[in-house]
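Starting off, we have a lone chain in the form predicted alone, written out as structure tokens.
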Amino acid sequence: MNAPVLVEFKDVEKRFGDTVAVEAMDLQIRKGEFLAIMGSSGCGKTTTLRMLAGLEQPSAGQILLDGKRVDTLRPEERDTPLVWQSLALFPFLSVVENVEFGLKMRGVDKVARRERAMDWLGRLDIAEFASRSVDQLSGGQRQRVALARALVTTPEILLLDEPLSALDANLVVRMQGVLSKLQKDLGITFVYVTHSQSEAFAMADRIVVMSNGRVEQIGTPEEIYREPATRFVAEFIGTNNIVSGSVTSVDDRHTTIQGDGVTLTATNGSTALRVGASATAVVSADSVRLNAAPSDAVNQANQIVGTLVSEAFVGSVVTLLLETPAGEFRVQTRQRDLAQINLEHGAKIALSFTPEDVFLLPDTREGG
């Protein structure tokens, strides 16, 4: 994405007493992109969003919006509306009055603000509820009211703090579609904070993964999934299988590691490792193939025999959990591909994957 930079964090830090909530953040957000900030609770993602919104002041560094420094401005001077997790709608106002509120604060006359509010309610398919109290709406309808209220002022950027966390699972999927289409149609920059990988992967152009106040990786969903930059990212993406070991051989094409009774060979990538170095191999669950294991099966390079522990069916996709010499292994596959596999508890199943499916990282758990 080669669009101009809209937001820039320059060496931004946020401390609460002795606690560092955000550590030396350098981040550029481009015009028209959908950026998701993802991480577990307490990682600093919401603090980052609040600093951009003006609800928290950086302890150090600068935040620029369209080339102008905004970290010294009050929230109302920034034009960075925020859709809250709680939505924060006014229960004493009707739906249309909630949407009009920001325009009223800006001095827009009554006729013009009513016209613009109804236009946005129409765009979000809730115009029929304009005169209702927000308490009479469903969760998805209230979510659309909150979006209309934020977008009616035609901002360049919209901030969203876990806006779908309170919705039922089926409604989350529908609202993901609404948000994605809205963002693409409007060309507005979205900055979306979430702890949900599925939400981030489904909607974002780029993802920022944070841990303990630090940015661990910034990349496209595919880069985050297939090429995690750190062991933390690899572990955070819950469908990855991770094996630690030592490098036993390196040639022009492949690197092989030995660990916990298994041998893994990877196609050489951007990470150069020497023989004897500690390394971490990452194999995504959807890259693993299954075969019924013969009773005398042994582990070979990129082939592991595991014992079935459990299986979880989600629609047409099945996630298997197996115990192997390398620890737990997860496999994601289609239900129809399991016809020849014994899925009884304790069954032996052979797992295999190609060198291209193995991604290597230096093992930095100790001393690095």
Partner chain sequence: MSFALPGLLWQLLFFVFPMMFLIALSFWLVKNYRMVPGFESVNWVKMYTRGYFWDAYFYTLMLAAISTVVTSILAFPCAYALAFKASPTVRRWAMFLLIIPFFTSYLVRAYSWQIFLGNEGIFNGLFSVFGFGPYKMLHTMFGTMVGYLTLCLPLVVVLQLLSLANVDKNLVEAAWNLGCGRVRTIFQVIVPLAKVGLVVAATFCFILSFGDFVSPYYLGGSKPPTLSILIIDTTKSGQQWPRAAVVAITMIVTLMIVAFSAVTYAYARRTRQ
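Residue numbers count along the first chain shown, from 1. Predicted model, so just to flag it, every value in this text is computed and none were measured.
Separately, the form predicted together with its partner chain exists; it is not shown, and the next lines address it.
Listed residues Gly245, Pro221, Gly140, Gly102 were compared with its partner chain in the model of the complex; Gly102 is the one with a heavy atom within 4.5 Å. Residue Leu55 is the only one of Val317, Leu55, Ala60, Val309 with a heavy atom lying within 4.5 Å of its partner chain in the model of the complex. Although the partner is absent here, Ala166 sits far enough away that none of its heavy atoms falls within 4.5 Å of its partner chain in the model of the complex. Mapping the unseen interface onto this chain, Glu76 counts among the residues with a heavy atom inside 4.5 Å of its partner chain in the model of the complex. Among residues of the shown chain, Arg50 is one whose heavy atoms approach its partner chain to within 4.5 Å in the model of the complex. Among heavy atoms of Ala112, none comes within 4.5 Å of its partner chain in the model of the complex. Contact check for Pro81, Ser131 and Arg149: all three have a heavy atom within 4.5 Å of its partner chain in the model of the complex. Figure note: of the listed segments 81-89, 260-268, 115-123, 186-194, the one touching its partner chain in the model of the complex, with heavy atoms no more than 4.5 Å away, is 81-89.
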